[in-house]
Each structure stands twice: as structure tokens, then as C-alpha cells.
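The form predicted alone is given below as one chain in C-alpha cells.
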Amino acid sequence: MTDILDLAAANLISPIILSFALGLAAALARSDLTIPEAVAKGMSIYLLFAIGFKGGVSIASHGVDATLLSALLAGLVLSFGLPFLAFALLRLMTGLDRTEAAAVAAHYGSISIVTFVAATSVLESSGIAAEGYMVAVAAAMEAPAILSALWLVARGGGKGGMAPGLLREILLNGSIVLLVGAFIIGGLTGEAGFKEIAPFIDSPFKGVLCLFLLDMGLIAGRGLRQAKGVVSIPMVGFGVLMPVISSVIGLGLGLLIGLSLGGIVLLMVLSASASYIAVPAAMRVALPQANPAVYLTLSLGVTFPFNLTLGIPIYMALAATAVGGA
């Protein structure tokens, strides 16, 4: 317990987390602080390219092996399976109907790439190495949860399903295309390519991440203000409980396939995070009757801040304990 508290305290006073807290506090205080949309989009593109490229370079050095393939399979299983667990918990804990619960559940099978990037940064600051190919696992986990949610709705006879072109839209989502594309570029160019652009994608990375999380804090704070009366206490409880349960499942799979400590932490973070980009866009098309105020507030306003402040330190401590005892 002391280790978890120490990790949480260290994480809370990092520039990355404090930047998010600043944005959250500014939004809740109704400050006029804003980040221009074009600037926020540019930072998002930069972060996705940088993390994807670094992952590709790592693959070029590491090579494709059974552990990589096992990690990809584990990611797919998690993304397909976690929505069913989330759906069951939501139906048990809240008064959400089948369609609403399925829409929320989809977010908890997919991933938050920003949480993944923040965890990567925390691991680097702690001197803990992780498999670079985990970025490929992140990309693989973006879309399967959406299909699981649509199946849950269709099984209950609800309205909603695979609209024409939806699968193509999911697979060609900008974040997935950029992440996978940068990963391929990094894999093709290797260490030589990394050295060419290291001053661009390495040194500025954490500074850009701080500004991006400042913007995310502003967005989360505004969402919390607007969701008063829509999101109940049991829903908030789900937004905290679900990532913890999912992280433990990720921990078990990470140990099973033989990931390093850093790799296990990242798989736990991917399991625990909730999408607020790709899945909301898909839900607006596939399940328009679901209320965005519910699923966006839970994923971005509850689970995202929890993971950044307390979740990542908890997952690191659990992983360290499990690896030490293995």
C-alpha cells in the first residue's frame, strides 16, 4: 500500500498530470482559457506519429517473435471481451437500458491512446523499459470493442447495427491510420531513421504532451459541468471500478504471455483505459439513440482522470508485485 501511495504521489506532482489538473480546474472554474482546435489537432498528430514511429523502430531492433504475436492476440481478446464484462456490470450497477449500456461498454473495450502515451512517459521517467511493439497492440485494440457492442444490441433486438461503410470508417479512423502508418515507417527505417528525426520526435515529446493534457483537462472539466443530473453515482462508481477490474485481467494475460514489467503495465493501462475519440464517433453513427453525455462523461470525465492520477501508479505497483512474486 505504501508503494502505491508513493507512486501516486510522484505521479501527481509530475508536469504531465499537473497540466491536466490545471485544465480541469480552469474549466470547472469557468475560466476562458482555451487551446485553439487547430493547435490541439496538431499536437494530437504529433503525439500519435512520435509514439508510432518509436514503436516501429523498436520492432526493427527486436524483430517479430512469438511474444509479439501473443501480445497482439491478447489485445484483440481483451478488446472483444471487455465490453461484455462492462455491459454486465452496467446492467447490474446502473439503470441504463440495453442500448445505452452497450454504447458505454464499447468505450471500455477500446483504448485511450493519450493514457497509453502518458503511461509510456511515466515508465520512461521511472527507468522502466517496455516492449516498443505495444503501440501495435494499442492500434489493434481500437476497433473490436465496437463490433462487440453492436452484437450486444442486435442480440437484444434493439435498433442499431453495422451501418453501411461503418467498418471502413472505423478501420480508416485518422488516429489508427496515423499510428499504424508511423509504426510502419519506424519499422522500415529503424535506428538510422530515428537518428535523423530524433530532435523532432524525442526531445519535445513531453512538453507537447503537457500542453495536450492541458487541453484534455479543459475538455473533461467542461463535460463534467454539462453532465450534471445525467450521470448518477452508480455510473461514476462503474467508471472507477471497471478500469481496475480490466487492469487485473490485463495483468494476468501479460504474465501469461511473458511480457516485461513495462510491457505488463502498458497492457494493463490499455485494458483499463476507455476510448473518447474513435468509439464516440462510431456510436454516433451506429447507435444514435444512445446519449453521448453519458458515455463521454464516463470515459473522459471519470475514467480518464482516474487513470492519469491514481490508476497508472496502482497498475505499476500491482505489476511490480506480481512480477516480483512470479
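All residue numbers refer to positions in the sequence shown, first residue = 1. This is a predicted model, so every value here is computed, not measured.
From this point on, the text means the form predicted in complex with another copy of the chain, which you will not see here.
message: If the criterion is a non-hydrogen atom within 4.5 angstroms, does every one of Phe87, Tyr108 and Val244 touch another copy of the chain in the predicted bound form?
response: Not a single residue of the candidate spot has a heavy atom within 4.5 Å of another copy of the chain in the predicted bound form.
- prompt: Looking at the partner-bound form in the predicted bound form, is Phe200 within 4.5 Å of another copy of the chain by any heavy atom?
  reply: The answer is yes: Phe200 has a heavy atom within 4.5 Å of another copy of the chain.
field: Exercise: Leu261 in contact with another copy of the chain in the predicted bound form, heavy atom 4.5 Å
entry: Outside the cut-off, so no.
Touches another copy of the chain in the predicted bound form: Leu188 (any heavy atom, 4.5 Å): Yes, contact at 4.5 Å.
message: Within 4.5 Å, heavy atoms only: does Pro234 come near another copy of the chain in the predicted bound form?
response: Outside the cut-off, so no.
Listed range touching another copy of the chain, judged in the predicted bound form by heavy atoms within 4.5 Å, from 133-141, 251-259, 76-84, 200-208: Contact criterion met by 200-208 only.
Stretch 47-67: residues contacting another copy of the chain in the predicted bound form, 4.5 Å heavy atom cut-off: Sequence-ordered list: Phe49, Phe53.
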